[in-house]
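Only one chain comes next, encoded as structure tokens, the form predicted alone.
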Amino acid sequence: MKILDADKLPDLAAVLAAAGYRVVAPVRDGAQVRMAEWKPGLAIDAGPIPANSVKEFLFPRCEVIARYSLDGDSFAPQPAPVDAPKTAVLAVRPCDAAAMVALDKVFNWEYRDDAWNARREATTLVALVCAAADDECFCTSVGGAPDARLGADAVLRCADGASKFILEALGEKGQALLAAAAGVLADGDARPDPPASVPVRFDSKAVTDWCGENFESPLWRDLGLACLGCGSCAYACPVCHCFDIQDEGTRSEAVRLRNWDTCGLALFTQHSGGHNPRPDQAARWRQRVMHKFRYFVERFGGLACTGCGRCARLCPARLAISQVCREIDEARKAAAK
């Protein structure tokens, strides 16, 4: 059993950085804790759930996917190498690690996305078993758990009353990380602390079934009235993956950019002629819920939600997927009476 003192996470980060890893960890940013690239001197705060997800380190908010040049009448593509540094993500939440498995399906569906796969292969995810959860956590409602291992390459677990961590490798990448960190790890015994208790808040299978039968439900209109269309839920979500493509350039050179986007924004589906098939927030909120709980299930066999609760914590209107699913569950039960 590999043991690490609870206050030695920065030492672990330093050893991994010295071994050639870019280290990403939860660090305090003012009043928030954010997943960010670790640098010497930064304290690692593995207590609160980070405001952002690990998604942005594998699927950047904006990235160059192609370059072009024009020299006279000669037009030529230019190299656009993928930035995929060897990365260790420390204390990533199980809901975030599970989200990477969902995104693997998206970025390898009918077309293999080389940028995603290069970063995924270069990244080692060290999941932290959640010792505490708040009222917005709902991983157990969508098939997860505070100590789930899906998507993780290694697992950190609090032990001996949070005075130590147990670090366990789950695969080859995890074993390589443990070998690189041997200088700060000790062999020994420790008693694992119990994981957080997260109650099941709704029946996700019932939500999937209800969505398939209630496309025109007035509930979508009621939900849409509360939505501000700001997009914060999608940008914080570890599974949301919508993007658009834009070209920017001069007379002699140009780049093609892939930028995050979301179905919650008014212009997301607007056609060049002005028509918008989702003209209001009710239609856009319906799309968001249907995609996560119906369309993704039909295409990939799983949900596009891992229960992290960030949408609830960051929404200025307090409109969250978990709340919507509870309302759908209540509507279903009322209709069954």
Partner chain sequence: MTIAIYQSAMMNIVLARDEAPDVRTLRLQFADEADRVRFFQKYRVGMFGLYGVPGAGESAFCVASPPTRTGYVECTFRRTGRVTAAIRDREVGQAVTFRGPYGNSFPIESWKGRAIVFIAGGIGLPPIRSVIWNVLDRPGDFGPVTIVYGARTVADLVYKDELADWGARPDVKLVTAVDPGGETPDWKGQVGFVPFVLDHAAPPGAGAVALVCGPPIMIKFTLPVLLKLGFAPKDVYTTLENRMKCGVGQCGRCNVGSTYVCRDGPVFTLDQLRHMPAADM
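The model shown is predicted, which means the values in this text are computed figures rather than measured ones. Residue numbers count along the first chain shown, from 1.
Another form, the form predicted together with the partner chain, is not on view; read the next lines as being about it.
- Heavy atoms of Pro81 reach within 4.5 Å of the partner chain in the model of the complex, making it an interface residue.
- Contact annotation for Lys205: none of its heavy atoms lies within 4.5 Å of the partner chain in the model of the complex.
- With a 4.5 Å cutoff on heavy atoms, Phe268 counts as touching the partner chain in the model of the complex.
- Residue contact check for Ser197: none of its heavy atoms lie within 4.5 Å of the partner chain in the model of the complex.
- Within 4.5 Å of the partner chain in the model of the complex, a heavy atom is found for none of Asp5, Lys55 and Asp193.
- Partner contacts here mean any heavy atom within 4.5 Å of the partner chain in the model of the complex, and among 93-101, 151-159, 109-117, 124-132 they occur only in 109-117.
- The partner is absent here; in the model of the complex, the one residue of Ala180, Cys227, Leu170, Cys242 having a heavy atom within 4.5 Å of the partner chain is Cys242.
- Of the listed positions (Arg201, Arg256, Lys86, Arg221), a single one reaches within 4.5 angstroms of the partner chain by any non-hydrogen atom in the model of the complex, namely Arg256.
- Along 288-306, a non-hydrogen atom within 4.5 Å of the partner chain in the model of the complex is carried by His291, Tyr295, Glu298, Arg299, in order along the sequence.
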